[in-house]
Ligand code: CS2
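Before any questions on how it binds or moves, here is one chain, the form predicted alone, in structure tokens.
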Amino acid sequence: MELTYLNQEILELLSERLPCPTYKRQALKTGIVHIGVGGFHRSHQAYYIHQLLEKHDSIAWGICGVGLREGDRKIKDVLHKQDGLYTLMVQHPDGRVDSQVIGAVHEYLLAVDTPELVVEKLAHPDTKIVSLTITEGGYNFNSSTGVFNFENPDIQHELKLRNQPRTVFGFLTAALRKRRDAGHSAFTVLSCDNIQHNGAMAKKMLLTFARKQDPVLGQWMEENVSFPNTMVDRITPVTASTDIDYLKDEYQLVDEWPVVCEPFIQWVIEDDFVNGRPPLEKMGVQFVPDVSPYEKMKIRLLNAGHSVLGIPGALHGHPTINACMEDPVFVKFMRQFMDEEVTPVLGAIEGIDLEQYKGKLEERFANPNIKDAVSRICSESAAKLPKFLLPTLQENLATGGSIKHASLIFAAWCYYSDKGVSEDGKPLEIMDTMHPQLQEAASRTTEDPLAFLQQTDLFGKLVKNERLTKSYTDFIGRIYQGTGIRELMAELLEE
């Protein structure tokens, strides 16, 4: 059979091979503008909206994707070529792959090319929700102090030239100014990033910027925009060339950027929307009055658990998270971290059996068909670890709880940042915007064992805690003397 290139025109023919959208995509209105279209958005929020469009008359909730950076050009080009369509490949532990074409993203704009069109789309009265997956670093705050970074050159530019936005803050503020001036209602800002209290953080950062640029507008925004907190969950590894080849071989379909994910999916949202919302409860989304316990559970267990596997996994030479989970030392170390350091500081969570949740996490991490690269898990660790792991460590320091697992991970992160190679001498793929700073601090460890912890923008005053510094320097000494990370993990398990 001849290869078919994914686009709107071939859906009817393609639907004989795999599930395709049955709703009229040309009738969709943009109710949601999503900033930061990556694999996770396409496996999670866009998937939920696609299911809603399939099963209910919800044409008002189509998605317009927006990319703010030049780095988003590839996804823009692919989505334009494919009319916003892509294939979602759900990888089951038994090897089964459920593939379907998703059609919820019906528009895409690249802000560096057409910033005025992005502002117009955000300001259009049909837009009810602006959702975000801009990563932890996109919120432009100091990870130690939580203070907005006004020194960012793009922020400085936007403060002087309000009609030339470059960042998410500049675009949202410009659009809300147009909505206010036109007498339109505001929209809801819906953060879908892995930051605890993500809605509150989005609100704090946006209003801080807006008040500086336009104090009167900032006050209007505070009174009219809502920022629900959310908890999102679906493991979505980077698409591999083998995934593209699979679709060619299995369905004779050419999709230049499909998305791979696990079967598990969860979305918990505070029900606080100023301008309407899609009825996602029909799709299994949980709307709750307070998402805090759920997001804390997920960040402290799943996200931190990933890093607890990923950092030592990279040093030891495990290429993927499931490879880490095939190593009994790594499995026991992660579970002991969850049981002894995280669970005691979580408390009870309504409707959640923590033992079952942790067991399910182990199953998900071990899925042999996901093959989530440790390099992806370790990427932007400077933005992740202060949010995912440090709070657990700080709470245990305050209560006298166990700190040995977290201490070892921070020591391993120092060595990882310093040497940049695995224990067998292979270069590590380190993707972190703060890597130069991390490497510089870590490189002074042989002279000063605490040099890495002295980065107050990451660790605050942690270096002044004697209990932590003793544990940390013990591990630093062992690692830098050549003791393998797996050996250290195994020793710790026997204590």
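Keep in mind that what you see is a predicted model, and the values were worked out from it rather than measured. Quick note: we count residues from 1 along the sequence shown, nothing fancier.
Although it is not shown, the form predicted together with the ligand is what the next lines describe.
The stretch from 198-206, 88-96, 233-241, 105-113 that comes within 4.5 Å of the ligand in the predicted bound form, counting heavy atoms only, is 233-241.
Proximity of R376 to the ligand in the predicted bound form falls within the 4.5 Å heavy atom cutoff. When contacts are judged by a 4.5 Å heavy atom cut-off, F388 counts as touching the ligand in the predicted bound form.
Contact between W61 and the ligand in the predicted bound form is not found at the 4.5 Å heavy atom cutoff. The closest non-hydrogen atom of K384 lies within 4.5 Å of the ligand in the predicted bound form.
The contact residue chosen from S402, N303, Q82, S422 relative to the ligand in the predicted bound form is N303, the criterion being a non-hydrogen atom within 4.5 angstroms. The contact residue chosen from N194, Q394, T127, N367 relative to the ligand in the predicted bound form is N194, the criterion being a non-hydrogen atom within 4.5 angstroms.
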